[in-house]
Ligand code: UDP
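Presented as structure tokens, the chain that follows is alone, the form predicted on its own.
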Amino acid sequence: MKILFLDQSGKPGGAELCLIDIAKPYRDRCLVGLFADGSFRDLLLSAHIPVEVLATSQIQVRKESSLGQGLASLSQLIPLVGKVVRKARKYDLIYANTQKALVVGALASFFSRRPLVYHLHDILSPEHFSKTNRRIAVTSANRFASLVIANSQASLNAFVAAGGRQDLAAIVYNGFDPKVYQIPESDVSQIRQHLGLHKQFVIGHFSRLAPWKGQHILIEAIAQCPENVTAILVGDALFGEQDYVQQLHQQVTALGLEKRVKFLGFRSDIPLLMTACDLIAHTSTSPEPFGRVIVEAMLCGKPVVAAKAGGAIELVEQGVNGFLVTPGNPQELAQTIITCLQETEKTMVIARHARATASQRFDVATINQQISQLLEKKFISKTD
């Protein structure tokens, strides 16, 4: 089966990292078409996955865009669709990995007469998408997709609530290679020393810096914790959110936490940095579609405290493989941090259990097999 994968981003977010793992088994018979250039293309090439940047300029439509703004982007979409149609005719199916890719892929599917798969990595809710964008996504999927792969029950529920056809959909969680998260202790000691984290209780937050990701919640919680509790914020602004980054720095200064909160920016050594932490915090204020960081923390053998909403509640069982707190509640988060600090042995038992179960439940080989079976069941008879 030959697959044309489509993705709108030039930067590697959670959906893009997931796509790398999905595309690897097909790398001798696939192409990843991107709508923007960037470091994601380099990651695909390093994994020996064929990739081509199909758009000459970034599509100027965002999750909150109105109908008028969407129509204004047609001058960009029309030539892109034409290019995708020509590419698609060399492949057996189109695999849209993001919402903009879905819209382009839907039109290309119609004109090229190739079936369309939509991998849903988002929660199609008012908190995340405008009414227009939700309607476009659902209509495109219902009308043109032969299969919708949702990355969690939460994502599927939101898709159906927005008008999506449940009979099209199947749930497949993100996959991970457990070996990537096995870090030598000597490397951990070295990075802690390099970052000045010796004798600190380190909380890691791994996400782009954005209001709904809730870094400000963690900073407020840190202010309520003992002096030896330090946070590292890994990530930076992506989509015009520099004002929020400035607010975070001002918050740190106002609370006198300059020595206890470190901004590390984007990093490629995520498993190493996670393993160097004592606790990983997930603080999204709106429901998360999946929660990739949560699983990565588990695979690193680290305890995780997550906001109790969306896909996170499908990953974390309170007191069994992690901790859940009310979204947007810094007092509750601070109390959980203090509990982990004080009850070290109990917390590490929870973390070891999380690592064992996550290694089995989210193993990339198993996840890729699930996707392969879905594709073969749906399309193999049409491509023989």
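Position 1 is the first residue in the sequence shown; the rest follow in order. Please read all numbers here as calculations on a predicted model, not as lab measurements.
Below, we refer to the form predicted in complex with the named molecule, which is not included among the displayed structures.
Asks: Taking S207, V234 and R292 together, does each of them reach the named molecule in the predicted complex with some heavy atom inside 4.5 Å?
Replies: The answer is yes; S207, V234 and R292 each reach the named molecule.
Asks: Considering only heavy atoms, tell me if E296 and the named molecule come within 4.5 Å of each other in the predicted complex.
Replies: Judged by the heavy-atom cut-off of 4.5 Å, E296 is in contact with the named molecule in the predicted complex.
Asks: Can F266 be called a contact residue for the named molecule in the predicted complex at 4.5 Å between heavy atoms?
Replies: Yes - in the predicted complex, heavy atoms of F266 and the named molecule come within 4.5 Å of each other.
Asks: Would I270 show up as a contact with the named molecule in the predicted complex if we use heavy atoms at 4.5 Å?
Replies: Answer yes; at least one heavy atom of I270 falls within 4.5 Å of the named molecule in the predicted complex.
Asks: For A15, is any heavy atom within 4.5 Å of the named molecule in the predicted complex, or not?
Replies: The answer is yes: A15 has a heavy atom within 4.5 Å of the named molecule.
Asks: To test your reading of this chain, name the stretch in 284-292, 306-314, 112-120, 84-92 whose heavy atoms come within 4.5 Å of the named molecule in the predicted complex.
Replies: Selected stretch: 284-292.
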